[in-house]
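Here you get one chain, nothing else, as structure tokens; it is the form predicted on its own.
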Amino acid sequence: MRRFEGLLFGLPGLLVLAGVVGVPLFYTLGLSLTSYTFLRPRWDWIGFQNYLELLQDAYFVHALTVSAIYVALTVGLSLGLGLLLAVLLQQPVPLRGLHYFAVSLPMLIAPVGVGLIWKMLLHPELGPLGRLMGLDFLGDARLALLTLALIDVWQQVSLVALILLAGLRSLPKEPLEAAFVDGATPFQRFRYITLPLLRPVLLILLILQTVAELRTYDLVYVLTRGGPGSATELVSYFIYRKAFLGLDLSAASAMAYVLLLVSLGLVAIYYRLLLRD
């Protein structure tokens, strides 16, 4: 009987989890295997045809490519700048509380608010930054994706910095003190002791940031709507267009599953690296 006690205690939680997570996932999977559209709402089975058509859809492949560039930019810059900020915040500087408040402020603003603020600042005619620099940051296809990524980094870097700061403060002091006694320079202590000890925190942040950036939708909707042309059309926004503007719910469901599999693949790789430590 004791063998089943654990299962019985965990059963309510498992049932809730199955209802909250499992039902939407199976519903979406079922939709992706049919020809269901809002104009023709019938569950006609077509197997993996939607998935096969995705492989030949140049627009979807383009959206995947744009998303990969966007994720690489935002995650790389967020982690790099976040680590720099965390190291600076760890130093004994005056008015440290004010620095914490200033760094934390962007992450307290909703992404839609961030988008509207930067849209006004960068407007080529009405925005102070746009007029000062004489550039159309969001209307120029050569600048739009980079601008979108930098705005995202502006908001995300505060969360990354605070988590890394907590990680830095939790590190054991003995190895650093021993290295100091042995004559190691500050850079050597950071490179060979701090960074390796901080590796688990960095990998967790890598997982969280990658998944979050792959799901980015609100900033694109507010700032560019995927334009100019398709320069900033991320997969998440492409799925939205396919479902609610193209009214093709089955194809959009197949795209959502492809995005889910990409996310799971990346998370599995990161976890493997994490567990290896």
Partner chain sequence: MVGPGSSNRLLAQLAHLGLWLFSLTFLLPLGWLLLRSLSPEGQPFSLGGLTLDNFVRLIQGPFGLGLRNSLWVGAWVVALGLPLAALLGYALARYQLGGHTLRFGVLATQMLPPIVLALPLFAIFRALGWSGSLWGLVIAYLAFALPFMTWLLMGFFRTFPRELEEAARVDGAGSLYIFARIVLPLSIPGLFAAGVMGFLLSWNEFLFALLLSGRESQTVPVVLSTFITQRGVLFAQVAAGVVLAVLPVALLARVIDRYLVEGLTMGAVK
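Residue numbers count along the first chain shown, from 1. Under this definition, the rigid core comprises the largest set of C-alpha atoms superposing within 1.5 Å between the forms. Every value quoted in this text rests on a predicted model; they were computed, and no experiment measured them.
As for the form predicted in complex with its partner chain, it is not shown, yet the points below apply to it.
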Report the stretch among 59-67, 24-32, 46-54, 226-234 that approaches its partner chain in the model of the complex to within 4.5 Å, counting heavy atoms only. 24-32
With a 4.5 Å heavy atom cut-off, would you call residue 139 a contact of its partner chain in the model of the complex? no
How about residue 95: is it within 4.5 Å of its partner chain in the model of the complex, going by heavy atoms? yes
Look up in the model of the complex whether residue 130 has a non-hydrogen atom within 4.5 angstroms of its partner chain, and give yes or no. no
Looking at the partner-bound form in the model of the complex, is residue 175 within 4.5 Å of its partner chain by any heavy atom? no
Exactly one of 195, 72, 171, 102 has a non-hydrogen atom within 4.5 Å of its partner chain in the model of the complex; which residue is it? 102
With the partner left out here, which residues of 167-196 have a non-hydrogen atom within 4.5 Å of its partner chain in the model of the complex? 167, 186
Please check if residue 256 moves between this form and the one not shown, taking a CA shift of 2 Å or more relative to the superposed core as movement. no
